[in-house]
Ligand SMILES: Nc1nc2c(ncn2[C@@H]2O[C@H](COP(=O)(O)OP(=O)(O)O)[C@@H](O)[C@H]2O)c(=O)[nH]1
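One chain comes next, on its own, written out as C-alpha cells in the form predicted alone.
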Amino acid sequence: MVLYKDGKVYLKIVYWGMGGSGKTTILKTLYKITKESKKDIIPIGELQIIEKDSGATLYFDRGLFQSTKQKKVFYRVYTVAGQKGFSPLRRKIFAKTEDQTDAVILVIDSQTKFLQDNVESLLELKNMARNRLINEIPMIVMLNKRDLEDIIDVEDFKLVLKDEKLWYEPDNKLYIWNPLIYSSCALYEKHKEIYRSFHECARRTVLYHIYGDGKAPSEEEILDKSIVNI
C-alpha cells in the first residue's frame, strides 16, 4: 500500500525467499553499490539488520532508498526471515493491513537440491498475496547463487511459474508484466544483477502506481497517460 507523508511517496518492496537464499546479502550488497556508485537510486541512512549470530535473519532487515530523478519517491525495502517457523512474522511484514507490500523480489537459491524448498516459499507467497501477484503486485525473480555448481535451469523455473499461473502468454494483457528472471550472485565481490533487478522492480512499482492506479497498466493506459502528461 503506497504511503504518502509530507508530500513524499513511499513504496514498499520486499525481498522474499526461503531461508539461506541470500536476501540479507543482496540487501547489503545493494546498499554498498548504491552508496559507493552514482546510481538512479541511493540509500538514505543505514541499514537495519536484525540477525542471529549465525547470520540468519531473526525478524527482518530494512533499508530506505531514494530516487535521484524523482526525489519525492522513496523505497522502503525489507527482507523476510525465510525459515519455516517464521511464517507469522512474514505475514506481518508482507501483508500488514495498514502497510501492505507494493512489490516483491523473489529470491531463489539456485541449488537444485533446494528446488522444493523454493517452490514451497513461492506457494506461501502466492497464498499470502491472494491472487494479487503481477496483477497488483509487480514481481521480479532472482535466481541467486549462480556461481555454484548443480543449479536450477532458468527455463525449468519458468515452468514452475507457469504451473502456478504466474506466467502469461502473449495474448494476455499481463504478458508485458511477466516476472523478469535475473541470474544473480549476491556477494559484493562478485555482485551480478543486484542493482539492475532492484531498479527494474522499482521502475515497475512506479508504473503500476502512476499509470494503473495500483494495478498492472496496459500498454494503452501507459501511452494515453504519457500523452496527457506531455
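In this text, all values refer to a predicted model and were calculated from it rather than measured experimentally. One-based numbering along the sequence shown.
Heads up, the form predicted in complex with this ligand isn't pictured, but that's what we're talking about next.
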(request) Identify, from the list 181, 186, 41, 166, the residue with a heavy atom within 4.5 Å of this ligand in the predicted complex. (result) 186
(request) Tell me the stretch among 119-127, 69-77, 147-155, 85-93 that has any heavy atom within 4.5 angstroms of this ligand in the predicted complex. (result) 147-155
(request) Answer yes if any heavy atom of residue 22 is within 4.5 Å of a heavy atom of this ligand in the predicted complex; otherwise answer no. (result) yes
(message) With a cut-off of 4.5 Å between heavy atoms, is residue 11 one of the residues that contacts this ligand in the predicted complex?
(response) no
